[in-house]
Structure formats: C-alpha cells, structure tokens
Ligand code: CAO
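This document opens with one chain alone, in structure tokens, the form predicted on its own.
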Amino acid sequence: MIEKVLVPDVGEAEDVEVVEILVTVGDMVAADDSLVVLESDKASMEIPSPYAGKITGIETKEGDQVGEGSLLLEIETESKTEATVEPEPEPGSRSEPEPTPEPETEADTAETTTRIETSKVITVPDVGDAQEIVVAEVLTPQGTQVDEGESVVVLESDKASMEIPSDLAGVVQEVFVGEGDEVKEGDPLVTVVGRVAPDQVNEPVVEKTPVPEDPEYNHEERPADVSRLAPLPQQQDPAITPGGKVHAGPAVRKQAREYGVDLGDVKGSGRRGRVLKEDIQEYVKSRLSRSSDSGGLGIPEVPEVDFTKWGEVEEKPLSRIRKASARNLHRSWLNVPHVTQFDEADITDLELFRKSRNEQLQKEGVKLTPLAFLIKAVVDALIRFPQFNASITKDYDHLILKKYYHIGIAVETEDGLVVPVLKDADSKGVVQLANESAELAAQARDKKLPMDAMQGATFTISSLGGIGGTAFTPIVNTPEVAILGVSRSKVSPVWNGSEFTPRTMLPLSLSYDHRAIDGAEAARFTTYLASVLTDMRKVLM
C-alpha cells in the first residue's frame, strides 16, 4: 500500500525550504525515522516518517519552497493480509501435524523490541568562570523534532558563545527560557521527550562527540528499532549534501550572512558534519590570519610590550574626546584610499589687504584671520568642483552631491581634536566667517560646544599655520571625500619672468578619497583654490 507523507502545520510560516533530504528511493525506514529537514526563517525541523516501509518516490528536492500539505515523498507499507481459514478435519480423518515454528532471527527480535518513552531536561552546563550567561537564541521552539546532539539553545557569556545540544532524540515538550534571559549553571533550558530502548532508561546520558567509527553511526550494525536515519550517499565532504546544501541551523546561517561567509567553504564539526557557530568563527579567524600573512586585508596585531623592563613609565588615560577621535581616524584611514595633493598659494596681496582691513576694523573689535579668507575661497572652489562637496554611497555606485556648504574646522583642545561645523558658509561674508569661526573655536576649548555644532560637515579645513610645518597629510573625515590641510606661510623668492621677488607663499595639502576623486581633479581643485587666494576678486565673478 502506498502512503503519502505531507508537509505538516508549520505555524505562521507560509513557505518553508527543503534544506536536506535524509533518505533515497529504495531505503527501508521505520516509523519515526527522520525523512526530510525543513527550515523557515525562525527554525528548522525534521519530518519523521509516520509509517514503516520502503521509500518509493521523492516528490521534492533540496532548495524547494513548500507549504502545509505539500507532498514530500511516498512510502510503500506492508499490507495486512487476512489469515487463511483452514477447514476443520472431518471426524476420523487424519490431521496433519502442525509445523514447528521457526526460531525468530535477530532482526525479527530487533523489529519487535519495545521502546520506552522517557524525557530529559537539558540544563546549563559548567561554563567555567563566566559571571554572566545570556540566552542568545532558542533554536528549537516547543514541538520541534530534534536529534541527539542537535543544538537547542545558544548561550553567550562575555567571552564566548556556545550551542547546547540535546542529550536525547525526540520532541521539545517545554521551553523554560527566552532570548535575553540570564541563566546560570544547572538552570533548566528545555525538556525533550523521546523513546529509548529499555536498557537505556536508567543509563546516564554522557555527552560525547561521535566519530565515524562509532557503532552508533554504522547503520549496518545498529538494531533496526533504533535506526533513526537512513544512510546518506557517500560524498567527499560530510557537511554538504548531494544537492550542494550545507547542514546548518538558522542561527548559524544568520551568522554566516552577517560575516559574509559562504557556508560551502566551511567544514562542519557538528553531528553529521553540521556547521556550528564555532566553525564560522574559526573560519573567519583563519582567513584573517591568512590575509595578514600574505599582506592582504588582515591587520596584524601590535604585540604587547612591557616597557617597564627598560625604565620607569607612567600610564595616562586617554580623554573621551581622544578615544572618539582615535576610533574615527582609524576607521577613516582603513576604509578610505588616501591620496594627498600638495600645492602653494601666493597670498602676498591677500595678507596686505587683510592687515590693512584689520587696522580699520580694530576700533569695532573685529579681527580678520587668514582662516576666514580661506573658508571663503574654499567654498568658491567647492561650488566650482561639486564632487569635493559630496559623499560616496556604500556600494560605490553614486556620489551624493550636497547643495549646502557646511565647513568643519579642526580645533586643538586640551582633551584632543574637535571639529566644530560652520553652517551655510556660502551665504556669509568674510567678517561674519571670522567672528563665527572664532566663537566656535572658543566654545570648543571651553567644552561648551552643543552636539549639533559638530555634525553635518561637507568639507573640513585643518590649519596648522599658527604652529608651523611645511606640509602634512590630513586624514579624510568620512563620510566626507576631502580635507584641506594648511601649514605656516613663509616668504620665498619667486621668479616673475625677469627676476626673483619675495612673495608670501601658503602651503596647501589636499587629502582626498580616491574612490570619488581622481588625481587630475584634485590638481585642478588646488590650482583653482590657489588662484582665488592669490586674487580674492575672483570670488566676486
């Protein structure tokens, strides 16, 4: 008789994926043997056989999306035949002697062995010196079919994460914890109800990692009544099914997606080659180590050094601002392919004009700084070259060109570097730019900057002119694509075509994101900026 095995009620999930087919056509299965593994976005489940018999047809394949009631496979069961009724012998007739019953074979005895239902409470094991353990994920909701050794709960401490396996094959009857709960050693996690042979009821369950030589894994030598899985076809990698699928639970698949790991490249260490979270972590570590050794993306760690071996030291904690700056600069340096374009601007006439205006404005308490003129010139250059007033999208497909001009100004403070933002610089004159930049710098040094005063910059200027230096490479302040560094001006002899004349030259250092800006564009930007600083009348054009 042919019986059909259908997809059972899978709760709220409309469709589930067939991730593994555990049997092949022609296999003999017993009732409750696992046939197919289905997986939704929340859990995976093994579909047990409701009948004992022979697999005659498999109506789905790995990777198919199926819903409740879909046909999975067909099983040929043994049909019950009515016993033949022998006619009673006539009186006086000679009756045939009853045949002697044949002794039962070992296989027959195994077929009729009675299995006893039992339950097992899975508890938190010894987790060493971990002070706080949190339930990171419940892998098997109530009603889930699990195999012995299959993970039921993921626990996390401050040092590691671990998957807790079931000691018993069966069905999860009760779940005692939820995601986010704090637990300790010995706390109950789930209860699993299953059937075992009578001689196993009182035996202690011992956790072990089975190996291929374990008789438990030899289908040929196992009694028929405890055989749960039909033998899988021979394959090179036990972690991958014939259809190319990988044995892994939802939590592991999610972790692999987050890390960008192809599960097919990971060798599983779990039961039947199932990939565990630890396998993903080890794979990532090995790839990073390999990349580091070969000069790739991996960053080799700086060795810890005991400096007290050579003399007295003092350990000074970093300020909160310096810590934040360190993280931001490190992130920018690692993610942005930096290139720096160096140039000089002749600011001889600009300095003469600035100083003469300061003499006139001194009575009003206004002081024009070189930075104010620099901001004005930079905004003019950004309007002419909009790709410098932009950000690049994460997929590198587009530039986001900004129609506003908010200039960040790097300010040195006792606690570290702070970058207040001068908003709408394109709509302000030089005097207003001078006043606002001075006010922002004073607020930064007095630790009175509001949070919104340090957000929204489209381009940054880092000026070291008051300190010294000839040139430097500033780090792009992502998500901006460029930053201008300014060093101390100096008087240099410049050839004017007929003779050398003393001119005041201002060194410019433009660092830019090479993903968004080409070298030729950077050269044009600094050349134009230098020309504007040489003759500020160009801003009026």
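Heads up: residue numbers just count along the shown sequence, starting at 1. These figures come from a predicted structure and were not determined experimentally.
The protein also exists as the form predicted together with the named molecule; that form is not presented, and the subsequent description refers to it.
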Which listed residue (Leu263, Leu382, Ile409, Leu155) meets the criterion of a heavy atom within 4.5 Å of the named molecule in the predicted complex?
Ile409
Answer option from Pro141, Pro188, Gly149, Gly465, heavy atom within 4.5 Å of the named molecule in the predicted complex:
Gly465
Is every one of Lys367, Phe472 and Val486 in contact with the named molecule in the predicted complex, taking contact as a heavy atom within 4.5 Å?
yes
Note: the named molecule not shown here; in the predicted complex, the stretch from 397-405, 167-175, 410-418, 334-342 having heavy atoms within 4.5 Å of it is 410-418
With a 4.5 Å heavy atom cut-off, would you call Arg445 a contact of the named molecule in the predicted complex?
yes
Val481 within 4.5 Å of the named molecule in the predicted complex, heavy atoms
no
Arg354 within 4.5 Å of the named molecule in the predicted complex, heavy atoms
yes
Is Val29 close to the named molecule in the predicted complex, meaning a heavy atom pair under 4.5 Å apart or at it?
no
So which residues in 501-524, when you check the named molecule in the predicted complex, have a heavy atom no farther than 4.5 Å from it?
Leu506
